[in-house]
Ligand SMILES: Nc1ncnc2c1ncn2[C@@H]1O[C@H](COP(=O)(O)OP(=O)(O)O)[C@@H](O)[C@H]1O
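A lone chain, given as structure tokens: the form predicted alone.
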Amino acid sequence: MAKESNAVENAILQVDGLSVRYGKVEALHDGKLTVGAGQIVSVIGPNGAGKSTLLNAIMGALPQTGHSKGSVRYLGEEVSVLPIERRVSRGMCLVPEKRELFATMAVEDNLVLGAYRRKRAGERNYLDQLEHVFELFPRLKERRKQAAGTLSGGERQMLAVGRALMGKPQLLMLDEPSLGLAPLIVKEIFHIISALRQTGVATLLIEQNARAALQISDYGYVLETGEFALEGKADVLQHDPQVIETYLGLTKKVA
């Protein structure tokens, strides 16, 4: 069983003792994780394990029925008491499972909206990431004038990630980016996520597709029924008998 800690010199995110309750039901218990600069850290686990609850608690986006306690430190600052808007303004960004694009707006307009925080902060070069996003996602450049609602599922996921990158986040959190996508598109999405490591962005990846997630990650956590059951370097977790039996099985490799 893999059990160690993600020891990094430059921690972007440190979560300690994070618990979430919905009424009398505890959805997350004593969560602890670390994400370093330029790292890709994955949290894998089955449906209902509490993965999305974890992300929403870190982002401050829990529904009104949810209550969290514990420490969330971002760039060394305690942010657990800050509203979601303040966390976003500091460079935290969540790409939700439903992507939440503006379907009737053009691809390029959706991307520009991703830089709105920077524009409001008075940054003159707030669109300086646009060409970088188009380099990462050439299909978005081809469809820049097309309505977002007419894109394929894979293209919508690319747009959701691209829009997030327009804000130049230091911490990018992705909730189930492979959900509902064909295997070839999943492979493409994960290759792009892997390439983000070169930008220095810290990435926290929530995924049911354990094999694909661990193949591109530096470190991984296994979340089961609201508790972290395992953690370790991703290449070690890939060969952990418990992870293989429960999550990897005989499925084909994606990346």
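Residue positions are given as counts along the sequence shown, with the first one as 1. These numbers were taken from a predicted model, which means no experiment stands behind them.
The same protein has a further form, the form predicted together with the named molecule, not shown here; the description that follows concerns it.
Interface membership of residue 38, defined by any non-hydrogen atom within 4.5 Å of the named molecule in the predicted bound form, is ruled out.
Proximity of residue 46 to the named molecule in the predicted bound form falls within the 4.5 Å heavy atom cutoff.
In the predicted bound form, none of the heavy atoms of residue 186 sits within 4.5 Å of a heavy atom of the named molecule. For residue 216, no non-hydrogen atom is located within 4.5 Å of the named molecule in the predicted bound form, even though that partner is not displayed.
For the candidate set 201, 33, 27, 230, a heavy atom within 4.5 Å of the named molecule in the predicted bound form is found for exactly one residue, namely 27. Candidate site formed by 154, 190 and 194: none of these residues places a non-hydrogen atom within 4.5 angstroms of the named molecule in the predicted bound form.
In sequence order, 46, 47, 48, 49, 50, 51, 52, 53, 63, 65 are the residues of 41-65 having a heavy atom within 4.5 Å of the named molecule in the predicted bound form; the partner itself is omitted from this view.
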